[in-house]
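Just the one chain here, the form predicted on its own, laid out as structure tokens.
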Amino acid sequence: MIKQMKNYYSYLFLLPAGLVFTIFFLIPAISSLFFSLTRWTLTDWTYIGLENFRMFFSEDSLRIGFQNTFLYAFLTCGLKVVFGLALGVYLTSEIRTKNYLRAVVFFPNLISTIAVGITFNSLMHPSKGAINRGLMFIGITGPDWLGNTKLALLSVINVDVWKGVGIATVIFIAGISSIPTQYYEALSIDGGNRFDKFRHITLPLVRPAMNSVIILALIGGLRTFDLIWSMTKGGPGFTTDLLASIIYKQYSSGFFGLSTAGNVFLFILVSVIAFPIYKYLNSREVDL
């Protein structure tokens, strides 16, 4: 009886989290699945089966949306891992200003994504932007960063990496700081240099932190919307459209059932990509 009371009491601590999960995730997810099979408005709905999904996959801009989404997700993920790891190694070394530099690196992550997008939209203006004016000062004619079809998506990717590398750096700093110093001391006794320490100790043992950065950055890249919309709105033309921006355009045009089907598909896509990668990365972790 006492054991049952203890088990019941422990479940009470899970109740608040369970309620939040049910109200804000489980019920909306089930509702989205249902409404993706309907043509609905705020006051009425009509069941139409898989028609919304058929219309979604016949969208003219969907092909470029797929290409851009995967390019955006994998480039931002890769760059955040590389720069985050480099900054993490540097900011855990013996430098006097490392606490100040850590704050500087993390600061962009504290700014609203919309605010960052609007700011860089102004900075990257072809004639009035500070970036091109700075290049003009040294005799270089800057391109139209957000108006050039070949540069627009890459420009947004660079801004995303600038903003998001701070959280990746913090995760790597935590991972590197958790590595026992005895490993480095043993390698120093054996004549190892800094590169040997990084290759044989830091890189293998920081893998759990790297896995976290990869999963977070990849999921964030696949479902990103706010930065693209605040900087380019999917333009010029459809050259920077991602799946999320295509779905938003459908919703803003009044095709609520169609956009809901798109959201369901995006959820499935992210899950299908993220879960196998997560399982694979975890299987390759090295225990301390």
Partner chain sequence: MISRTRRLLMEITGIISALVIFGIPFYFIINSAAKNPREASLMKMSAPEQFLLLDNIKEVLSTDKGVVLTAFKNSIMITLFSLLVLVLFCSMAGYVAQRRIGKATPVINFFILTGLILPPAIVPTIWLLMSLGIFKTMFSMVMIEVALSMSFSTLIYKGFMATIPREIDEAAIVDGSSSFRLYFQIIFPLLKPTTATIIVLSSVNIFNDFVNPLYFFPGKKNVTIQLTLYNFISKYHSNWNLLFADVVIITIPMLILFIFFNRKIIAGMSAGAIKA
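Between two forms, the rigid core is the largest collection of C-alphas that superpose within 1.5 Å. Please read these numbers as outputs of a predicted model, since none were measured by experiment. Numbering follows the first chain given and starts at 1.
Another form, the form predicted in complex with the partner chain, is not on view; read the next lines as being about it.
Heavy atom of each of F66, L71 and Q182 within 4.5 Å of the partner chain in the predicted complex: No: no residue has a heavy atom within 4.5 Å of the partner.
A186, L203, V82, I114 - the one with a heavy atom within 4.5 Å of the partner chain in the predicted complex: Here the answer is residue option I114.
Position in contact with the partner chain when the complex is considered in the predicted complex, options A86, I118, M136, L154, heavy atoms within 4.5 Å: Looking at the other structure, the residue within range turns out to be I118.
Any non-hydrogen atom of T38 within 4.5 angstroms of the partner chain in the predicted complex: No, T38 is distant from the partner.
S93 within 4.5 Å of the partner chain in the predicted complex, heavy atoms: Within the cut-off, so yes.
R54 within 4.5 Å of the partner chain in the predicted complex, heavy atoms: No - in the predicted complex, heavy atoms of R54 and the partner chain never come within 4.5 Å of each other.
Distance check, R199 to the partner chain in the predicted complex, heavy atom within 4.5 Å: So R199 does not count as contacting the partner chain.
Any residue of 165-185 that, in the predicted complex, places a heavy atom within 4.5 Å of the partner chain: In sequence order, V165, I167, V170, I171, A174 come within 4.5 Å of the partner.
Core fit, then A261 C-alpha moves 2 Å or more between the shown form and the other one: For A261, whose C-alpha is compared between the shown form and the other one after core superposition, the shift is 2 Å or more.
Yes/no, P276 Cα shift of 2 Å or more between the shown form and the other one with rigid core fixed: False for P276: its C-alpha shift is below 2 Å.
Post core alignment: G235 C-alpha displaced by 2 Å or more between the shown form and the other one: G235 C-alpha, core-superposed: shift of less than 2 Å.
Relative Cα spacing, W40 and I64, in the predicted complex - shift of 3 Å or more: Distance between the C-alphas of I64 and W40: shorter in the predicted complex, by 3 Å or more.
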